[in-house]
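This document opens with one chain alone, in structure tokens, the form predicted alone.
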């Protein structure tokens, strides 16, 4: 039995223009202590997937199919009260929009203390002491725990949200672009600290990011998402050495080299598909240089190839580098 697994998950948002099919059949499996990097363009469904796991979706979102298994139990069958006990204590999330994640009328430290006391049988003084430790961990002055969110800079708010997510030492941490608002130096510090804590606590992590370089440094496995689906998944080293899906290849080719001289970068032509009406067949076919008739009529299954998973009819034939 896997520590964490998603099976055939489908979710859409009901809008005035129709159903936005944000997640269109996602399968994912993780072992305990593993770090998975989830990459893809904006709008591909990465954040929606993270919110679905914790069931923190807005009212117009509807999960129509699938299972989300945590220790073998389906989170989609849990009551809201059961999910409240699971959130932050066992599964927590670092949100991309830090200002929206913090209550503007409560002191930042009090918000973290409240989360700790809701899940652990410790005194308020012990919870405050843990907040001080967490602030130091993420590079914040513990003396600022008594301030309000509006007194923090954007980067400070982001670090406070990371501290809150780590407050109860969760088994699974979902980090949605956790270093977006930080400068390069603090990005490095936070990434190293999160990786250090993951190793120390045996914590499992899903790292949602546009930055493949971060995934290469911090994650064991990489999954690439496009048009609401996983199109490729493999061990990070294997995937970067030999990407099989043309979309993954395009993402990697668009990264400037660190050591060689920078020539003309390759971009992926076209735009991501509208999830109101995704293309027939392979959702990447309108942008794919290798597209054939079958790609426009038949959706490729996610299949095993070269030790990984790929959803492409012609993955064996597509050259690399």
Partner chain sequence: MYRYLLHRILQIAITMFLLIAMVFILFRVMPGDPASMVLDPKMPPEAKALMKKQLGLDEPIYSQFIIYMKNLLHGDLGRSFYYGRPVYDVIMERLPNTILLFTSATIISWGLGYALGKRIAWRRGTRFEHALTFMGLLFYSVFLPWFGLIMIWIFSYRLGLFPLGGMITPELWTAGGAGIIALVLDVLHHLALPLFVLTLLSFAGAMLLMRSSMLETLREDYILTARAKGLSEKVVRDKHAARNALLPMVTALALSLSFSMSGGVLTETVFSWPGLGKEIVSATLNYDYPLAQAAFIFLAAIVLMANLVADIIYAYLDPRIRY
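Each form is matched to the other, and the largest set of C-alpha atoms that superpose within 1.5 Å is called the rigid core. Computed from a predicted model, the values in this text were never measured in an experiment. Numbering follows the first chain given and starts at 1.
One more form of this protein should be noted, the form predicted together with its partner chain, which is absent from this view; the next part is about it.
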item	value
4.5 Å heavy atom contact, residue 204 to its partner chain in the predicted bound form	no
Partner contact for residue 122 in the predicted bound form: its partner chain, 4.5 angstroms, heavy atom	no
4.5 angstroms heavy atom contact with its partner chain in the predicted bound form for residue 129	no
Proximity of residue 103 to its partner chain in the predicted bound form, heavy atoms at 4.5 Å	yes
Among the candidates 84, 235, 144, 71, the residue which, in the predicted bound form, approaches its partner chain to within 4.5 Å (heavy atoms)	84
Its partner chain: the contacting residue among 289, 56, 294, 276 in the predicted bound form [heavy atom, 4.5 Å]	56
Stretch in contact, per heavy atom within 4.5 angstroms of its partner chain in the predicted bound form, of 131-139, 223-231, 85-93, 195-203	85-93
Contact at 114, 150 and 164 by its partner chain in the predicted bound form, all three, heavy atom at most 4.5 Å	yes
Residue 90 C-alpha shift between this form and the one not shown of 2 Å or more, rigid core reference	no
Residue 72 C-alpha relocation of at least 2 Å between this form and the one not shown, rigid core basis	no
Core-aligned C-alpha movement of residue 242 between this form and the one not shown reaching 2 Å	no
